[in-house]
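For this one, two forms of the same chain are given in structure tokens, first as structure 1 and then as structure 2.
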Structure 1
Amino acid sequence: MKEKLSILLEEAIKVSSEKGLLKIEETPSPGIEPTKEDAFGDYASNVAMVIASKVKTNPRKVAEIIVDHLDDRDGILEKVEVAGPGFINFFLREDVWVGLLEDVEKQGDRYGESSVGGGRRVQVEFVSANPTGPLHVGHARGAVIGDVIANTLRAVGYDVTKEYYINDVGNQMNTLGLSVYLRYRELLGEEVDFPPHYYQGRYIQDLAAQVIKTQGNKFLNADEKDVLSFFVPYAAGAIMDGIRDDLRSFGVVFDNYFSEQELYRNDGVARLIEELQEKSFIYREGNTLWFRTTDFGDEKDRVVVRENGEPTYFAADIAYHRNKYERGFEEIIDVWGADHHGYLPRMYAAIQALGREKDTLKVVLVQLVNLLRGGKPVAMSTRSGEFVTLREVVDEVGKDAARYNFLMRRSDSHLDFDLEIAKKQSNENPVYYVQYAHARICSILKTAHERCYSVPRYGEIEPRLLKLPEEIMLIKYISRYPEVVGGSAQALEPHRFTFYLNELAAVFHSYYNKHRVVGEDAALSSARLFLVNAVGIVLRNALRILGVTAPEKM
């Protein structure tokens, strides 16, 4: 609908300027928005005011000229008004709205999808937590946001790969292995001095106990090299298995897990650094190698190879991103914790040094979660190993409530997550509100079926019967859904779905309470069934993208 009006406007502007009534070089793409108030019609455009400032004419006058040249061939317009400072308000004929429902029938569970992505290959990388311990609640938010962004991009026609980057290189891995080893010795009866910076969590003891079960005490007198070569991969592997399981129970399934070790194979990182050195993006200072990220706007240059000859995390990350491009991804989306925002300029510097356009990388920053229980903060500390795990949250509040609650805010704003509220099956918990609307619709359809009504085909209903304000409102919301999907994909903002769903459910519940769907009048019941079924389709489609179930009963 928006597109249709937009075309009408563009044509009118073109004709006007050809007639010499408007002196403009190029027609601006008109802004068209659904209005907030009925008095302003159904859609409004500000294009006259935009043009007016360029041609130095009274905006209302410009609007009049445009309106005079509108050619409403299909007869969709009831009337067009010029209002306020120069808005053009479109009033659509009532029966036009019902026509929009035909798309819902035609596209069914694909309604809302599009092909604007054109099959472009996009990689969404998210979670990517170090394999040094189970995922905690902080990771959960990033997991859902990445997952839903990927689902949304897929819905608008991108070829999407979900990837998890495993940071299984570096000091932390040795620390992990040694942590398990110390607990191993401890469990075998030795006195150990467990350093405070080692991993403290209970899961370390569990892993150690496993080793004893399968390997016995054979490592008690082994030298450090043998210890590490067993304990490091063992612990990392077991933890990654756990992470995979936890994610699956949270509805997150990755297409690919990428190990950092991969980057070091065949001296990959070292060779990359040499190349960048040849292109003089990298310079030497003593033993240290610096990346000239300031060339690209970073505030200072960054070390890629340390004094001691070890490459930094950043060095590997450059190699990783180059690898992504080499695998054929045209766009890359990284989902990071917001505390990494200082890392952004150097990453942009890196991809530009690699010869890639800056806008092929997009970084979504995810703010911290405030975990609450009954309004009180839940104490968490990684150091002491006391944290609420993703698994515990899913077990306690369920996948649907957890996912939905993590999607209720912009990703870069802080989020309060209250376990008591998320668990509550009440109106404080928005996920039920939306799911309830869906269950209610299913129930209506069932009742209808029992009374020998079935959902009609679009061609079978009498459009003029759907003319109540609540019905027009519902249809408007339904017709807006594809724009929600498109907008969310374009802006990488999954929270738009939850806001939209809440509104759609509200309009539906209100309608339901005011008017009977299944009644005496067969034609009327039929038309309303069609409408209500369409609402159900939209709810289902949106919830599917969010990875939240749309229950038929609750």
Structure 2
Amino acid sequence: MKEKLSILLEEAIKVSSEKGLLKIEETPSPGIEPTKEDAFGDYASNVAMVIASKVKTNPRKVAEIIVDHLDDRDGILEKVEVAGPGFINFFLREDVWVGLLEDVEKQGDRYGESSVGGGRRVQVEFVSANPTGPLHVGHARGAVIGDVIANTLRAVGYDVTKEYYINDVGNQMNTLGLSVYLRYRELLGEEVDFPPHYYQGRYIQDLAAQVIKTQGNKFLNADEKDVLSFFVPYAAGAIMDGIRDDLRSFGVVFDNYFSEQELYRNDGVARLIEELQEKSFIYREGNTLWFRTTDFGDEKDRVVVRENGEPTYFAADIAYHRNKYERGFEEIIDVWGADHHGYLPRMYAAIQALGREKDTLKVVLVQLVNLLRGGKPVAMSTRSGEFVTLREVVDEVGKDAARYNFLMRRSDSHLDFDLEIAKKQSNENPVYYVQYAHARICSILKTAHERCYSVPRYGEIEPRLLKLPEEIMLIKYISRYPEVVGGSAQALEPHRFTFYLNELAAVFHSYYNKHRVVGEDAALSSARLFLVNAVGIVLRNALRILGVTAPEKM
């Protein structure tokens, strides 16, 4: 419906411009959004105010000119009003809404999907935690956000690859190996001085115990070189196996795991730095190499090779992103923690130095999670190794509740996650409230079948019977679902699904509590069955994108 209204507006603006009533060189894209109050119609546009700011004209006058030239040849509008400073409010005919239900029947499980992505290749890289410990609750939010972004982009026609970048190069890997080795010696009876900056968690002791089980005490008197060559790959491999398992339990499966070591094969990072030096994007000061990120708007230039000759994380990230483009990805989406905000300008600089458009890289920042239990904060300290792992959260509240609750706020907003609420089998728990709506619909359809009713085709119902305000409201929500999918994909905002589902479930539960679906009137029962079945289709389709199940009974 937004698309139809956009076309109406564009044509009206074009005609008004051709008549000389609006002197604009280029027709702006009409911004159309659902209204929040029925008094303002079904949809509203601010396009008149956008035009007015360019042509220095009163926005209400611009709006009136546009409205006067609207050609509603399909007869979808009840009326159009100019409101406030120049909003154009559209009121659709009620029978138009009911007619939109036929799209749900025709498309079924594909309802809400589109082909706007045109098969464009997109890579979504997320989680990418160092393989130095199990995933914690902070990683969980980024994991589900990245996963749902990828699912949404696939739903609108993009060719999407989900990737996990394994940071398995650098001092942290040696520290990991030595941490396990010291615990290994400690478990074998030696007194060791365990440095405070080594990895402290219980998982380090578990890894050390496993080494004793399989290798005995063969490393007690080994050279450090031999120790590292065994303990580093062993510990990193075991931790990555655990990370994969934890993610799988969370419903997150990656298409590809990319090792940072690949970037250094055949001196790949060094050769890239030489290339950028030859193009004058990198310069030398003493033994330090700097990237001219200020040429692209950064506040200062950034080091790519330290004075000791070691490349920085930034150097590896430049190489990694070039590798992404070389693999044929046309767009890159990185899901990062909000603490990486200051890292954005240098990455955009690097992308442009590589000859790519800045907007081919999009970064989604994810804020921290405040873990609560019954409203009280759960104490965590990553320094001491005391943190709540992703696995613990999933085991306690379940995959569905965990995924849904992590999506309940914008990714760039802090999130309070209460474990006790997430476990409740009541309307206080948002995922339960939505899943219960689907289960209720399945129960209605089962009861109807027992009373010899089947879900009718659209052509078999009398649409005019769906006229109650609650029924029209349900139909409006159903018809707006494709807009939710498209808007979420465009803005990379998966929280839009939970906002929408919470509202749809509320409208459905309210309708169910007031009105009987299957009654004595066969024609009315048939129409209402068609309507609630359409609600069920939308609930299933949306929950599938979220990676949340749609139970048939609860």
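Structure 1's sequence is the ruler for residue numbers, which start at 1. Quick caveat, the model's predicted, so the values are computed rather than measured. Note that the rigid core is defined as the largest set of C-alphas that superpose within 1.5 Å between two forms.
For the form predicted on its own, the corresponding chain is the one labelled structure 2. Core-superposed comparison between the two structures: CA of S128 displaced by less than 2 Å. Once the rigid core is used as the reference frame, the Cα position of Y181 differs between the two structures by less than 2 Å. The Cα shift for I76 between the two structures, taken after rigid core superposition, is 2 angstroms or larger. Once the core is aligned between the two structures, the alpha carbon position of G86 differs by 5.5 Å; this is the C-alpha shift at that site. We note a C-alpha movement of 2.8 Å at I7 between the two structures, with the rigid core held in register.
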